[in-house]
Structure formats: structure tokens, C-alpha cells
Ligand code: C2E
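Here's a solo chain for you in C-alpha cells, the form predicted on its own.
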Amino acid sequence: MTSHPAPPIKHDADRRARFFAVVAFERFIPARQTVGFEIANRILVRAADRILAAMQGGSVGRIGHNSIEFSFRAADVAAARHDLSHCLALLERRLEIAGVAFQLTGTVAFAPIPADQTAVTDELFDAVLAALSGDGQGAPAGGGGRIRQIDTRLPSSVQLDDLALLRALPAALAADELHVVYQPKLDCRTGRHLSAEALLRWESPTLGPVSTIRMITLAERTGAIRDITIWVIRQVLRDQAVLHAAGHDLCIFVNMSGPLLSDQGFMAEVMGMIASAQGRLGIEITETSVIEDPQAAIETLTALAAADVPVAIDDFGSGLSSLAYLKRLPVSELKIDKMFISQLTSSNRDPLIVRASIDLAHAMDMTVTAEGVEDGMCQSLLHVMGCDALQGYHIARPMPLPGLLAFLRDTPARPAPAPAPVDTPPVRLVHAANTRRAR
């Protein structure tokens, strides 16, 4: 982390409005991994110098992994946008460090600092980061684009709601307002439910039902995802002890955020918790979660495999680098995204994609789970294709622990349904039959 002292500000500049801004550089983290921290830090320091040269009354604050925070002065919002446009143009001029040429591309979010405030408040800081996140939700005045404005005089309800959610989250964790529900998976071979996925829910007494996707997204941005994940694992361990006492040997899968997967210290703590479980725990990751730091993620997955912790790739097929990473990941299960399952019986191409994915996974010694199974026809077709397990509303809806106990008690093992008369085009993989796992 590097900072620059604020340059002297002339008296006439002091009468101008003050603004706070954060500029983030695209694709800089992979560049840092390529050239090393020393050169990457020199690039950011050079970029900070350019900011000081471009912005009137500028003062650079924290320099992060791929971003720079700074303040500046301008006559009004329009002038601020004009100056920031000039600043971005200057930042994106070619620069050379240690004989290597670099071309930065940046996006900046900014907001006026109220005249009665001497420093940037947490609320203002969070609002600027929200605008910079790329969803456009935090920038009602400036919208998307490469220069995004927050109007602190008219904050959007989205900003206020997000801040209220983040403030309420620590107390909700402490008070156990959050709860876990479980969605069982059906083993196609035995007709039994041998595993389930743990899903997080939050019914806030003040905020009402909170979207899990929204909560996780905000938690990943602020780092609160660590506390949430630890809370979920502890709850699953407690619930699993109840299941074990009732005679159910169920493997429970917990979703793991991508940034946490690369945090080897955090994952070591998680593995210690898993080792203390009375039953089996598994980890679900998305196929894109290893992209930010592939080497650290693969090392973590290797350690999990060595500890006999099952790892499943969730939402397979929805990312952009499936095959490139799949061949490197030591995982035991592949879950086909429901976007391919939902039209399995009505699309010409989806059955080909699903069948190819099943054969590919089996050739790599993985089991396959189909997500989003909504009807018996789909279940029959997946059985014909050789899918190992099924998950979806046709199999079971997510349910709290008491409901799961009743479901496991009252639902007998059911043999696979008779194959439906559906013509599924064969998909051939070279040598797949010789390497497919015994099922």
C-alpha cells in the first residue's frame, strides 16, 4: 500500500467543491501475477503521479491491488466529469516500467463530498464502490460507462438498502437470524438420497426477506463473506450431528465463494472444521471461481482432495473457461447448470450438450449431477444418458432440518424410472468407454 501527500492547495481552489473518487484498472490482477508485485506497484505509483498531475487540488490516498483512491476539487459536477475524462486519458497513455510497455484501461466512480464533512464517510465510500462494481445500481445520475457519478444529495434507494443490509448483517449472524435449508439429491443408481446442498436464507425482522444472491454479492465486495461462510459451516456441522444421530449418513455440500477458495489460510480453517464433523461435508464451487487466482485455487482443491473432501463444480457450462480449467481441477463431481436441463425435452441442442458433458465427466472419473430437474420426463431422459444424481423441485424442494429429517424418514428408496421413449442422439468421445468410472 502506497500513499502520496496532498500537494498544497491555493486559496482560490479551496473554494471549489471537493470530490472523492476511485479508479479501478481492468485486467490488472492478471498483469500483476505476470510481472510480479514490484513492477505492478511501480505501475500504480506512476498512475498515482498522473492523477496528481491531472486533477486540481488532488490528493492520492490508498492504492489497492488494482485501484487508486483520490480526492480533488472542481467548480461543479460537470467540471469534475470533464477533469476526470482528462485524467483517464492521461492514465491510459502508454507507460514503460523495467523495459516493459503497459497500457492501462480504467473506470472511475466519484461523488461530491458534502461541505459540512471534513473526511470521506463510510456511507460515501461504500456508495462509490457500489457504483464501481459494474452493475450500475449505485449510479443514478451518472449511470454506467467509464465515469460514474454518485449524487449524495439524492442517494438511490438501492444504495441505502444495500448499506442497511450490510449494517444489519453482523447482528443477524450473532442472533442466528439466518438459517440453512437443504435440498436433497437423488442417486440414480440406488434410488436413495445420499447427499444434499446447504442453501442460505435470511428473513430479517426489519428488512424482510433478503435475496441470497444480493447478500452474497455484497458480502463478497466487503469481505463479510468470510463470517457468513464460517457461520454456515458451523450450522451445518450442528445439523449434521442431528442427522448422524438419526441414522442418516448424508454428505452435505456447502457453497464456497471464489475469493475464499484462493485464501489458503481461510481454507485451512475450513478443513479443520470439516475434519471435526460427525458426518461427511463437501464443497461446491463455481467453474469461474478459480479464474482470479488459479494456482492458489488449484492448490486448495488438491489439499481438499488429499483430505478426502468431495468437491463439486456447480453451474457447469454457464462460464467461459469450462474445459480449460476442468482438466486441471482435482474435483469429484460436476453439476450441469439448470439452463441446459430446463429445455432438455424440448430443445434439439441441449440434449447433445448434456450427454457430451456426462460422457466427458465420466471419462475424467467424475460423477455428474443434473440441476433443475422439474419433471419425470426429464428425469427419465437423464437416466438414459447415464447421469449419476438429480437435483431439482421434481426430486425435492429446499427444506429446513426438521423437514429434511421427515423427508429422509418417509421417502423410501425409489428405483430409477423406466426409460422414456426419447431418441437421444449418441455422442462419442474417444476412449470414453474404457475410462468411465464404474457406477
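The first residue of the sequence shown is number 1, and the count goes up from there. Fair warning: this is a prediction, and the values are worked out from it, not measured in the lab.
FYI, the form predicted in complex with this ligand isn't displayed, but the following is about it.
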Within a 4.5 Å heavy atom cut-off, is residue 255 in contact with this ligand in the model of the complex? yes
Whether residue 345 contacts this ligand in the model of the complex should be assessed with a 4.5 Å heavy atom distance threshold; does it? no
Is residue 333 near this ligand? Define near as a heavy atom within 4.5 Å, in the model of the complex. no
Touches this ligand in the model of the complex: residue 225 (any heavy atom, 4.5 Å): yes
Just one of 238 to 246, 200 to 208, 120 to 128, 272 to 280 has heavy atoms within 4.5 Å of this ligand in the model of the complex; which? 200 to 208
Which residue among 367, 262, 183, 71 has a heavy atom within 4.5 angstroms of this ligand in the model of the complex? 183
So which of 30, 61, 403, 398 gets a non-hydrogen atom within 4.5 Å of this ligand in the model of the complex? 398
For the stretch 95 to 113, which residues lie within 4.5 Å of this ligand in the model of the complex by non-hydrogen atom distance? none
